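The chain below stands alone and is given as structure tokens, in the form predicted on its own.
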Amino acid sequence: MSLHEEVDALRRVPLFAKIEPSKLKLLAFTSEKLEYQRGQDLCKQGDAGDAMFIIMAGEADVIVNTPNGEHTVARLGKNSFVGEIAILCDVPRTATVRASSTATVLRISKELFFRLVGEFPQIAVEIMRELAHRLDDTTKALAKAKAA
């Protein structure tokens, strides 16, 4: 994927939709592009949160360890982001993220992430929206499980 293609792909990620192309080019250039094969972990539950990930192609599962084994709680696809909680809260990873197909991702370091949020507050608003949606989904799933 060329730098131009990465910028176009980033523009389609809601988190970065309102950022000017020159800044997206800088983001694409300063982030790390990685390829994961099916079954490889992007990050593991309990590890230090030193980066977030943007899925540029492919899919990944979000998996939590429970007393009864691993439990898949979400499947992420193209233009999704993950790993922001460990960065924002400065806590260990809350889940394992595992490629469920060949996946191309951009790894955005903690330092770059905070620089972006400082320069573009709209990113923080988009992250809050996504976290609110995830919390709502989790609350509904817990209520459903409790009722069963």
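We call the rigid core whatever largest set of C-alpha positions still superposes within 1.5 Å between the two forms. Throughout, we count residues from 1 along the sequence that is shown. Note that the coordinates shown come from a computational prediction; the quantities given were computed from them, not determined experimentally.
The same protein has a further form, the form predicted together with a further copy of the same chain, not shown here; the description that follows concerns it.
K.L.:
Is every one of F16, D41 and A57 within 4.5 Å of a further copy of the same chain in the model of the complex, counting heavy atoms?
P.N.:
Checked in the model of the complex: no contact with a further copy of the same chain for any of the three.
K.L.:
State yes or no: in the model of the complex, is some non-hydrogen atom of G118 no more than 4.5 angstroms from a non-hydrogen atom of a further copy of the same chain?
P.N.:
Close contact exists here: in the model of the complex, G118 approaches a further copy of the same chain to within 4.5 Å, heavy atoms only.
K.L.:
Check A141 for me: does it contact a further copy of the same chain in the model of the complex (non-hydrogen atoms, 4.5 angstroms)?
P.N.:
A141 belongs to the contact set for a further copy of the same chain.
K.L.:
Any of the heavy atoms of S101 lying within 4.5 Å of a further copy of the same chain in the model of the complex?
P.N.:
Judged by the heavy-atom cut-off of 4.5 Å, S101 is well away from a further copy of the same chain in the model of the complex.
K.L.:
Is there a heavy atom of F53 no more than 4.5 Å from a heavy atom of a further copy of the same chain in the model of the complex?
P.N.:
Answer no; every heavy atom of F53 is more than 4.5 Å from a further copy of the same chain in the model of the complex.
K.L.:
So which bits of 109-147 sit within 4.5 Å of a further copy of the same chain in the model of the complex, heavy atoms only?
P.N.:
Read in sequence order, the residues that approach a further copy of the same chain (within 4.5 Å, in the model of the complex) are F113, F114, V117, G118, P121, A124, V125, I127, M128, R129, L131, A132, H133, R134, L135, D136, T138, T139, A141, L142, A145.
K.L.:
If the two forms are fitted on the core, does R129 show a Cα displacement reaching 2 angstroms between the shown form and the other one?
P.N.:
Comparing the forms between the shown form and the other one, which are aligned on their rigid core, R129 does not shift its C-alpha by 2 Å or more.
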